[in-house]
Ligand SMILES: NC(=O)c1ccc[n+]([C@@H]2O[C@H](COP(=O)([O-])OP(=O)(O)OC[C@H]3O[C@@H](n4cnc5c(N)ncnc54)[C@H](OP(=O)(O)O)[C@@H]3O)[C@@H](O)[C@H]2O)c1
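Taking the form predicted on its own, here's one chain by itself in structure tokens.
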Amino acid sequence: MINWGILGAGKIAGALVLGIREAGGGRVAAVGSRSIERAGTFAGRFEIPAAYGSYEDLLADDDIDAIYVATRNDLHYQNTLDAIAAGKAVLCEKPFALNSGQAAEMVAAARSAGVFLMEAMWMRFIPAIVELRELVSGGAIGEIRTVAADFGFRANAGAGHRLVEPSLGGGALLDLGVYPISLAMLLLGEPESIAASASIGASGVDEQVAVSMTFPGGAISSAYATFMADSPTEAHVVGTEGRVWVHPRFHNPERLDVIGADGAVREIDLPIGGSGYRFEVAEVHRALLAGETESPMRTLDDSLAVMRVLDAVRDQVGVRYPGE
């Protein structure tokens, strides 16, 4: 049984608690927040045995095996380093860090300590996305030429909100754009070239962003993310012998349509049937029980590659975070 500590007490933390319980093989033993009141409220809502009023107290709990870092974007780096230093396995919510430099330090620390570390890119573990990757690698639609995906909603975030505040790692790219970019890289690898444009808001971060990438062999991808409007949030993977429509929402889909060169459609239904977060949790449990320090389904090198792309996009559109 894997004993989990939840570092952070926000919405995503609650979603992961449900995922841990549905995954089996683990229990949520404690939650830590920067406020004992907030931690206590969260613990009461989810019937968690222990609540700590600081992250440090949570990490000092010797009964905790794994930590889920569920804090704001700007805190992932330090929270993860602290958890690694405490000897805990870490599942860190996406984006992995604010930039590739931070991410590289996190990876180096985990590898040096021999501690498990994985980015919580839950999309990678959803059954329909696993099936999509198998279809593509098996040549079901020929050679991939294009991957296109979007992710958008009207945020209506006021000044200082974490989604648009530079000091908190705000911007559509890190919160939403990471998904279509990660999908393209899952199927095509690391890009050879990147071209990006963005609408920069009053706070100085991207409120919407478009990214085009070119890959070895000439395949291209198009990724679009926005806080300014609702978008379909779907993906299309186009090959020389057919294409796949990943139904909305593409980062946790339950249906794929495989469309052959002759126009015939094969529908693949893969219902999630509960918490979509349980699949990444199950992979953490499997890896820890096997004594692994990385997951082959979401390697640390994968996370580093995505962070390098996010850095390149921000460099092109002129978004900087304090201290960079």
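Sequential numbering from 1, following the sequence displayed. All values derive from a computational prediction rather than experimental measurement.
We do not show the form predicted together with the named molecule, though everything after this point is about it.
- The closest heavy atom approach of residue 34 to the named molecule in the predicted bound form falls within 4.5 Å.
- Although the partner is absent here, residue 281 sits far enough away that none of its heavy atoms falls within 4.5 Å of the named molecule in the predicted bound form.
- For residue 9, a non-hydrogen atom is located within 4.5 Å of the named molecule in the predicted bound form, even though that partner is not displayed.
- Contact check for residue 253: no non-hydrogen atom falls within 4.5 Å of the named molecule in the predicted bound form.
- Exactly one of the stretches 171 to 179, 196 to 204, 139 to 147, 231 to 239 approaches the named molecule in the predicted bound form with heavy atoms within 4.5 Å, and it is 171 to 179.
- The partner is absent here; in the predicted bound form, the one residue of 71, 226, 221, 99 having a heavy atom within 4.5 Å of the named molecule is 71.
- Using a 4.5 angstroms heavy atom cutoff to the named molecule in the predicted bound form, none of 124, 133 and 152 count as contacting.
- In the predicted bound form, the residues of 83 to 107 lying within 4.5 Å of the named molecule by at least one heavy atom are, in order, 93, 94, 95.
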